[in-house]
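A single chain, nothing else alongside it, follows as structure tokens in the form predicted on its own.
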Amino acid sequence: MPELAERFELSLPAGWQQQLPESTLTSDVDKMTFVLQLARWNIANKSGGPFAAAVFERETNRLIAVGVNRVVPQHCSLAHAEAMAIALAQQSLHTHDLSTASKHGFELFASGQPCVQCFGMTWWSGLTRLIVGARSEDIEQLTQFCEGPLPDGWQQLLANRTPLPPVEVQMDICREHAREVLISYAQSDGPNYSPGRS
């Protein structure tokens, strides 16, 4: 019988620290611009897909964690940018529930609208704000990725989340810039790693 795997590890690509901002980012546009720069870097570095995300502490604007898509190089369909950022934030703060780690709460900036997987991760993470660049229709149209069946009224479901605090959703921050990142990935002939497409 072959030896069964008993652990796995996900990590950011080498050089990610050099992409960090030099000063505190305070506006939604500045935070999303940073995230989109991370996504562009991930494409140019050939270290994953065209997506990035970051977790900030609300009110203080402290950067807690970043994530980029690592699905192909890490051989793991879980390694979406949002998942990487959420998991690294939880590891950094030593909690599985981000709703309990700060009186200010935490927000996730995502270069693209969460897929069905990342919707669930957002729900369970304890985040209290989600800020989105490109929409699902942008992602599917420009890259041919499959985003999966998000539930109808997904934004309202997050807004009504209980017993966890509600999640405030803000769409279309730097949407055109986010679309340009997706176009650049498509033009780079990056792989479509949606299930059944590779």
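Quick caveat: nothing in here was measured; it's all calculated off a predicted structure. The first residue of the shown sequence is 1; numbering continues from there.
Note that the form predicted in complex with a further copy of the same chain isn't included here; everything after this is about it.
K.L.:
Spell out, yes or no, whether the shortest heavy atom distance between I173 and a further copy of the same chain in the predicted bound form is within 4.5 Å.
P.N.:
Taking the distances in the predicted bound form, the answer for I173 is no, it never comes within 4.5 Å of a further copy of the same chain.
K.L.:
Could you tell me if A159 has a non-hydrogen atom within 4.5 Å of a further copy of the same chain in the predicted bound form?
P.N.:
Taking the distances in the predicted bound form, the answer for A159 is no, it never comes within 4.5 Å of a further copy of the same chain.
K.L.:
Report yes if any heavy atom of E9 sits within 4.5 Å of a heavy atom of a further copy of the same chain in the predicted bound form; otherwise report no.
P.N.:
It does: once a further copy of the same chain is placed as it appears in the predicted bound form, E9 has a heavy atom within 4.5 Å of it.
K.L.:
Tell me, yes or no, whether A186 is in contact with a further copy of the same chain in the predicted bound form, where a contact means a heavy atom of each within 4.5 Å.
P.N.:
A186: no, not in contact with a further copy of the same chain in the predicted bound form.
K.L.:
Give, in sequence order, every residue of 67-87 that has a heavy atom within 4.5 Å of a further copy of the same chain in the predicted bound form, or say none if there are no such residues.
P.N.:
Residues within 4.5 Å: V71, V72, Q74, H75, C76, S77, L78, H80, A83, M84, I86, A87.
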